[in-house]
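Look below for two forms of one protein chain, each set out as structure tokens: first structure 1, then structure 2.
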Structure 1
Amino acid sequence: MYAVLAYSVLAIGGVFLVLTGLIVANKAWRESRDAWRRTRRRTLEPAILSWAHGDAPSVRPSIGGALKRRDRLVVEGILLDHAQRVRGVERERLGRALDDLGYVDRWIRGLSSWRWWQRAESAEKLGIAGAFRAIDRLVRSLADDVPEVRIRAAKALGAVGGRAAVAPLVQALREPNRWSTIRIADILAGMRHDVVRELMDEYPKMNRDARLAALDILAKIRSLEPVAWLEERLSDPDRDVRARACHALGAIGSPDSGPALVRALEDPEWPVRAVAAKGIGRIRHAAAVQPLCAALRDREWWVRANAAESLRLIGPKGIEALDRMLDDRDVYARHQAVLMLQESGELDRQVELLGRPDGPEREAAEFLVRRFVRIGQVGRLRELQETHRDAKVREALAALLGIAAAPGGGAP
């Protein structure tokens, strides 16, 4: 009995000992391999960089001739690391070296691997290498079963760039997965002006999500090319399309889109009116002061708030209009005018003038303060009456507010 027990303990101990030995040996082997790779990198990197900065056609002489099997990962690491950090001639040369040394072929084969992570990694590396000749194969990967592979392929196509990569990416916006559509839209937006024409041409064939994404991409790129095309979208039956088109027009900021945005202020759907009001402010369309004043009476708060903000952005004409709106019959319009005159600092600027000797400026300031008092919007005025550094201003405000000023004080 004791013998069986002793043998069992010895057997278990032996297994643990062997396992520990294997783990230690494995770790030692990995560390020595990594140390060797670091040493090898220190040797090869300066030569490869020197080649990248120069004009020599092939990288092979810099790495001692043909690529040795043991150097494969080290050279790949060096070329990929640096290709990600530069643009221009150096990046092209590093990409050419990756092709010349057979990495691009290997990654193209990797796109057919049965392991999804290998397909994803291959797609990513082809993008970093800027492998033009992999475009067709990357386009096929846009239909991969695994979303991560599709996204990495899309990212790679975005990095490779050029017209050949744009068309399939625009088509990929029709992705059934909404999250993928958003990421592809980001990639397309990063490709800037190259994608504008393709987006407009492909738009009729897109599904709704893709159309909305396309409009957002145009807003981010801010090219003047699609302005007239976007104005046509303002009559689309879908309210979200109309709203996104307004947003894009505002973001692009062409002064020519002012009249179209003013017309959109009459849209039956409030989200469209709200974005149109905001867009008018972004393009500083001074001719829209009257329609914006009318929008201050809109039944939806967002429309009123955006219209007030746009009047502020338009400048003195807009501020004058906000001032006039203090006497409007509509209580909501008056309220927005008050908020914006306060937020823009106009009220504080006028209050400052109360400390001056009598004259037209002071009269105008008093007139404004009286109107604030009449409509009952005295919160900020009371605050200034208590805290303003100028005693004359505090006294004048106290008189206008009908309260007794604290003798000699109330302010810092």
Structure 2
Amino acid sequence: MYAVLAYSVLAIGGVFLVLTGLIVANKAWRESRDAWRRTRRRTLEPAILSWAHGDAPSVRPSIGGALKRRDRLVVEGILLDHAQRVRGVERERLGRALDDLGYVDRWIRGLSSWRWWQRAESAEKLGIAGAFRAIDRLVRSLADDVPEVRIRAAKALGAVGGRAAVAPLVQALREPNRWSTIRIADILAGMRHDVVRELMDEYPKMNRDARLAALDILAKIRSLEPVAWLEERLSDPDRDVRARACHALGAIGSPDSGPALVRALEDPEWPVRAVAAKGIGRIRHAAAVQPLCAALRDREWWVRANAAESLRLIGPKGIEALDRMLDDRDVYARHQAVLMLQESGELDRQVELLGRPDGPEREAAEFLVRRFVRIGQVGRLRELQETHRDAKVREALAALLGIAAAPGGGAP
């Protein structure tokens, strides 16, 4: 009995000892291999980079002729790492080297692997390599059963670029059940001008979510090409489409969009009016001062706030308009004008002039302060009266505020 137990303990101990030895040996082997690869990389990398920045037709002489099996992973790592860091001719040359050395063919075959992670990794590497001839195979990977493979194939198509890669990605916008619309939209936006015409052509076939995403993509790309097309979307029955079109026009910033955005200020839906007001400020459309002043009377806060911000962005004409709106009969308009004159720092700049000798500038500053006092918006003025560094300014503010506070004192 005891002998059996002793043999069992010795057997288990022997197994653990063997396993420990295997683990230690495996770790030592891995560390030795990694050290060799680092050494080999330090040897090969300068020659490969020198080739990438030169004009020699093939990379093979830089790696000593034919690619050795033991160098395959080292060279792959060098080429992929630097292909992600450079642009232009150098990146094209690195991608061509990956193709010339057989990596692209290997990754295309990897897209058919039964291991999903190998398919995903192959798709990602094809994108880094800019492997244009892999587009058809990457398009088929968009139908992969595994979401991670699909999204990496989509990113690879975005990296490869070209009209052939755009079409399937635009198509993917129409399948929200299989795709994250936001992720596909980000990929398309990164492709810049290649996608503009495709989005406009495919727009009528898209569902609502895809249409909204398409408008957001055009806003990010900021190409002038779709401006007239976007203005047509301002008459769409869907208020969200109209609002996104206003946003895109403002983001693109074409001065020619001003009249269309001004018309959108009269839209029956307040989100459209709010985004139109913001867009006008982004393009600095000075002719819209009066319509923006009218928008200060809107019953929706976002419309008023965006209209006031746009008046500030327009510049002196907009500031003058905000100044005039302090006398408006509409309480909403007066309140919004007060807020923007304070937030923009215009009130503080005018108060600063109270410390100057008598003259037109000081008179204008006093006139503005009196109007703030008259409509009861004195919070910021009282704060400045207590904290301003200039004693003359504090005295002037005290006098102006004191007139309003005196018993029976009327507004000046």
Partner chain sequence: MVKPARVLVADDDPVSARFVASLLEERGYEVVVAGDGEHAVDAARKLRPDLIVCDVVMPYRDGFDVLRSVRAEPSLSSVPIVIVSMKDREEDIVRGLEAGADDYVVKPFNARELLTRVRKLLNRNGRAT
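Here the rigid core means the biggest group of C-alpha atoms that line up within 1.5 Å when the two forms are laid on top of each other. Please note that residue numbering is based on structure 1, beginning with 1 at the start of its sequence. Source: prediction; values computed, not measured.
**Q** Since only one of the two is the form predicted on its own, can you say which one?
**A** Looking at both, the form predicted on its own is number 2.
**Q** Once everything's superposed on the core, is residue 88 shifted 2 Å or more at the Cα between structure 1 and structure 2?
**A** Yes, because once the rigid core is superposed, the C-alpha of residue 88 moves 2 Å or more between structure 1 and structure 2.
**Q** My question is whether residue 324 is one of the residues whose C-alpha shifts by 2 Å or more between structure 1 and structure 2, given a fit on the rigid core.
**A** Superposed on the core, residue 324 moves its C-alpha less than 2 Å between structure 1 and structure 2.
**Q** Taking the rigid core as the superposition reference, indicate whether the CA of residue 71 shifts 2 angstroms or more between structure 1 and structure 2.
**A** Yes, residue 71 moves 2 Å or more.
**Q** With the two forms matched on the core, what distance in Å separates the two CA positions of residue 61 between structure 1 and structure 2?
**A** After core superposition, the C-alpha of residue 61 moves 4.3 Å between structure 1 and structure 2.
**Q** How many angstrom apart are the two C-alpha positions of residue 52 between structure 1 and structure 2, if you fit on the rigid core?
**A** Value for residue 52 between structure 1 and structure 2: 3.2 Å of C-alpha shift.
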